[in-house]
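Single chain ahead, written as structure tokens, the form predicted alone.
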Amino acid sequence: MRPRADLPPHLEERALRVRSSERRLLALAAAFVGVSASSYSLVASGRLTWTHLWPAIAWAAALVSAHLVLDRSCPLRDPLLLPIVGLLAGWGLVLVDRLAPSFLVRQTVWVVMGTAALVLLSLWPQPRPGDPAGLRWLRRYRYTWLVAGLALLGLTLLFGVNPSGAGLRFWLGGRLPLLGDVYFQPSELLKLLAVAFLASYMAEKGGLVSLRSICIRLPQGAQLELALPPLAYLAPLVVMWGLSLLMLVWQRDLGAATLFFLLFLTMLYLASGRWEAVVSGLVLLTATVAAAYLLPLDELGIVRLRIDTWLHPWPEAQGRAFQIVQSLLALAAGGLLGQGVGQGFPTYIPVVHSDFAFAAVAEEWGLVGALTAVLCLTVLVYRGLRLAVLARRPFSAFLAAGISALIGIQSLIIMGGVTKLLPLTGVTLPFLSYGGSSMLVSCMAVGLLMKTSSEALSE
């Protein structure tokens, strides 16, 4: 099948290169996931069984379908996005089968749904005159989307549940007819809506958020020059800081609060180009976390726990710091090439299938596997930033940069927590960790990147 006939000759040649590159990379991803799933089946059952192979087959069918649809309807796209997402999502299915087999069916369904969402956002709505990327619906109604996201967060604060029956209540949902237990974490969707809002705001009012210098006259004729933000910059800064504080205090979600604020600082720096904004924001974030640690409030106990176990894990290796200590032992046990899939002991780590998926990768696939995961995420972020540079319109540029920052910051936060470089937080590792909300929203984010790439590469 050749690309669409309405492409000019020079773009048709480019589309053929995209198809060829994407197919080769998808074949490599399929080989890795197939070998990993087969190896685990041999270890767990002594033979190849349908129980361990069907998720990989469903994953491969979803990727092949996505490739064929995109090849026909979106021939000009970044050829690395779908293979990287596919590799990480398929790898994540093997991890869930290994670490939490009771969640395997649910995670497979989320992967298929996420792949469908990626394709849908890549193709719909169709571009219009003056909006080649077809993103007017996202750019124009930024306040509507943000308010909708905040409303979902408010519902979580009032009616949130925890699927396990105890613990922090970050989810909405329950038992539905024919579908069983279905839960969704609104804070995951709010991350993407916040990126879209900030991209639209910065694209329209980027000049207003630039810092400007003022001079203060001192005695003896001296002058002091300060870089102070105008009110138009202070308002969104205070709003985002307030949102982070809300999530920190009410939901006790240190990871999401940190992610939101760092994402905002990144977008602000891209719009203003002034490092003073980043420094002032980091100081504000540090002061907030320090106050949360020092204040004797029961609602902030999770913050004190995270910081205490980060600073001094070994004295409480059998108690509060058991999770992070087991993670460090898993990292050490992996060595260079790992124990082999199904042959390590990552299940000693509580909630390993969600928060500590990276530790499981390091133990069973070794340093080589861990660096491969890091490399895949790094390339995904790099390609997104490259699309931001190539984008012809400010909104598309800010959107691509914001999505790249979201994936990169979230990955750094959780990998830093697993390796004890940062305090542990409750965010997931994109595409690899178990989590339906995270999988669906991450695929939607890459779908928007795919749409942006179609615009940027159609020149």
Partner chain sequence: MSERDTMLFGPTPRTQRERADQHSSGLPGISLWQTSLAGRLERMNAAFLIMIGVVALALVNWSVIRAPGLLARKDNPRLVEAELRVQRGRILDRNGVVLAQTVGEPGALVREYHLLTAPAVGYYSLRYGVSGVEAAYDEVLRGRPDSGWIVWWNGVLHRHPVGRDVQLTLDANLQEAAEAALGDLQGAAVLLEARSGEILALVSHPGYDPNLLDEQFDTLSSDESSPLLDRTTHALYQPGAALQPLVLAAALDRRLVQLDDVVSDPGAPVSIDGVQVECAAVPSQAEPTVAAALSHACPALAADLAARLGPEGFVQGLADLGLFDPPELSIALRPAGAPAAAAGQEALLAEAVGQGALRLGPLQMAQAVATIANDGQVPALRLLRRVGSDDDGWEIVPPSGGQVADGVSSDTAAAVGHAMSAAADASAPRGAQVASHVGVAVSGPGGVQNTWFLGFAPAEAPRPSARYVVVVLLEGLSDRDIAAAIGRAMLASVNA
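Positions refer to the first chain, counted from 1. All figures in this text were calculated on a predicted structure; none of them were measured in a lab.
What follows is about the form predicted in complex with its partner chain, which we do not show.
This chain is displayed alone, yet in the predicted bound form one of 412, 42, 57, 69 has a heavy atom within 4.5 Å of its partner chain; that residue is 412.
Taking a 4.5 Å heavy atom cutoff to its partner chain in the predicted bound form, the contact residue among 88, 271, 121, 303 is 271. If you check its partner chain in the predicted bound form, you find no heavy atom from any of 13, 172 and 427 within 4.5 Å. The closest non-hydrogen atom of residue 431 lies beyond 4.5 Å of its partner chain in the predicted bound form. Its partner chain in the predicted bound form is not approached by residue 146, whose heavy atoms all lie more than 4.5 angstroms from it. For the chain shown alone, residue 314 is a contact residue for its partner chain in the predicted bound form, at least one non-hydrogen atom being within 4.5 angstroms. The closest heavy atom approach of residue 37 to its partner chain in the predicted bound form falls outside 4.5 Å. Of the candidate stretches 76-84, 100-108, 335-343, 154-162, only 335-343 contains residues with a heavy atom within 4.5 Å of its partner chain in the predicted bound form. Contact residues in stretch 364-396 (any heavy atom within 4.5 Å of its partner chain, taken in the predicted bound form) are 367, 370, 371, 374, 378, 381, 382, 385, 388, 389, 390, 391, 392, 393, 394.
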